[in-house]
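Listed next as structure tokens is one chain, alone, in the form predicted alone.
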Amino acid sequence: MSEKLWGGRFSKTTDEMINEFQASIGFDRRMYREDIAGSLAHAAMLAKVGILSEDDRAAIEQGLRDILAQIERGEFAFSVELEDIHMNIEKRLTDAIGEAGSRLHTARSRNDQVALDTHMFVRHAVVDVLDHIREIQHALVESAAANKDVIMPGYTHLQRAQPILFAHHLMAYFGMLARDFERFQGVYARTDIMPLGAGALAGTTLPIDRAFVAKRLNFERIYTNSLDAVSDRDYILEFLSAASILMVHLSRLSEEIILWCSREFSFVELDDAHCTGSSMMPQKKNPDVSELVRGKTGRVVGHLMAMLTAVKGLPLAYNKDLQEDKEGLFDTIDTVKFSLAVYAQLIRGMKVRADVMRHAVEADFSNATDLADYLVRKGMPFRQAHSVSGQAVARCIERKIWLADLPLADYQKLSALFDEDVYEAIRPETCVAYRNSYGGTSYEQADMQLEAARELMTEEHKIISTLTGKQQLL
């Protein structure tokens, strides 16, 4: 007969290769705190409804807390033979306290137990990610505020388009991260549902109190369908989806920083602490952090694709395929938290080269739209103004000069509306200042965006504090 805790029906032991293949203890051991917290709540509930004696409950609680201490001291030997974190803890508990330990699994299955652990683990991970998002938002606001008068070229198609404030550019990423924060809040809400009590798939015949367990574990809601409870992995898909979008945002920022710190741009210089050199070329200073974050984005997106593929054809309820949810999830959590943390440091250490950016907007035609707007303000229809401005650019290209260098006489040959004030109108500072439409790049709008960002971060801090309090389960 098999010696496994589920082995009563089996006459042979499991093949050793199969043990290795199906065991998850190598990665799900990191959910030990969630598993112990869930078991403590389950034991308390069993005692409340009269299924466990108070003596058994007390023995189970002490035994579980002893195991928690052993794991955290590094003294707990995990066994592949016992497959997962749940069976490892239950076997050690039963060995330590005897029959009382074997009563703990009453009215639950590993199916709803692992679902519970994963829900709690993802809740905690979401709070950590929210905190990291807020930290990089802080770094962006600090850099934007410190450089709020710096003008740089704005780009479309990676071609210089219009002058913008560097602060405006950074705050675009703040906006992306604010949406990421909201997305992860949504992930939390749909993770905050308690599955324990669903059993293997159909509930239990025993008089359990699921609401009691939910309250002990700080869950807002309880699954109303036992099949859904053990098979639902939507919250993991949502976490991976939100993480993928977040990493795409960081990857876009990475691409820009890689360009900006190249010799061709020289818009910024990264701190030496966030770069590496070449084993062959002494002059090299490589933006490895940005490149690694850009590269790791594909890894996170890959985990989302793998999970979508794993669940797309599964019939209800639990299937062993669902064990594949954790490795990609855990790696995604680690990757996202590292990427956010290192980027906050990188932004804070980044030196902005305002002189180079300023020269860039003087030595290009990114003020051509402002030249057209100048004519519009004097009554010319925009389409005609656009054409006149384009002709002015063409004349400058022929002469190898910029719009600020074109003589007034040449401007007036194109339109009698041009006057001396045209040169002030196309100065980079004027171009920026005039773009004062809501959400635009003007100095006034940049100040408004920074103030709104600070107010938002205050609200985010309150949200994180509230959710953090709900994670204190042991």
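None of the values given here were measured: they were computed from a predicted structure. Counting begins at 1, following the sequence as shown.
A second form of this protein, the form predicted in complex with arginine, is not displayed here; the remarks below concern that form.
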Mind checking whether each of Ser24, Val114 and Tyr318 has a heavy atom within 4.5 Å of arginine in the predicted complex?
yes
Though arginine is not shown, can you say which of Arg103, Arg110, Arg134, Lys296 has a heavy atom within 4.5 Å of it in the predicted complex?
Arg110
Considering arginine in the predicted complex, which of Asp180, Asp84, Glu90, Asp370 comes within 4.5 Å of it through any heavy atom?
Asp84
Can any non-hydrogen atom of Asp28 be found within 4.5 angstroms of arginine in the predicted complex?
yes
Would you classify Gln323 as touching arginine in the predicted complex, given a 4.5 Å non-hydrogen atom cut-off?
yes
Can you say which of 184 to 192, 323 to 331, 273 to 281, 148 to 156 gets within 4.5 Å of arginine in the predicted complex, counting heavy atoms only?
323 to 331
